[in-house]
Ligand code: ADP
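Quick heads-up: it's one chain on its own, the form predicted alone, in structure tokens.
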Amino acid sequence: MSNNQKGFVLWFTGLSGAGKTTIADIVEARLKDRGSKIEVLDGDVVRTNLSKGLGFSREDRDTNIARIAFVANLLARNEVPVITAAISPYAETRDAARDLIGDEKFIEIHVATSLEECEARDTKGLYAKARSGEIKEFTGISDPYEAPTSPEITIQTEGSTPDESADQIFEYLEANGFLASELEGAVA
């Protein structure tokens, strides 16, 4: 691991089934392969452990995202890179996370997969349950998703592989000084 590691937050946002966790897992593995410390705050895992008991009202969703941002900020300010992978549907709440963490460390990644594609990928049947009314307040169906207007990275997963999406993130990190390129690391 490099002694000059920088803390940053890769803030994945997108609909359920967009590919956030799949891409985040690849990025995590590649960073570990490079010898980097990395922590992952996955939305489902956080809800089970840090935000147990919260529902899916706007207030509860905002509380969940605020908790993720708080932990991500603690880690990033101590030079630990962080990956968050939560729907984080509301622009105002993502903006509050950016304000807390700081523009210099916050990297918003919009996994911009269409609703139709997310529904086609839905192995758990959540979208069908939401459409039938069995699940209330489901993002993209009965609750809004406010897509980022100017994320640092936009990933179009339709027509590209998860590895190609991860490549896009690494290109950004290297071009913006968050990581040395693999070629630089090999020479050092």
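We number the residues from 1 along the sequence you see. Please read these numbers as outputs of a predicted model, since none were measured by experiment.
We do not show the form predicted together with ligand ADP, though everything after this point is about it.
Heavy atoms of no residue among Val9, Asn73 and Thr84 are located within 4.5 Å of ligand ADP in the predicted bound form. Gln168 falls outside the set of residues with a heavy atom inside 4.5 Å of ligand ADP in the predicted bound form.
With a 4.5 Å cutoff on heavy atoms, Asn49 does not count as touching ligand ADP in the predicted bound form; it lies far away. Of the heavy atoms in Lys129, none are within 4.5 Å of ligand ADP in the predicted bound form. Not displayed here, ligand ADP is approached by Thr157 to within 4.5 Å at the level of heavy atoms in the predicted bound form. Partner contacts here mean any heavy atom within 4.5 Å of ligand ADP in the predicted bound form, and among 120-128, 145-153, 31-39, 58-66 they occur only in 120-128. Using a 4.5 Å cut-off on any heavy atom, the one residue of 23-45 that reaches ligand ADP in the predicted bound form is Ile23.
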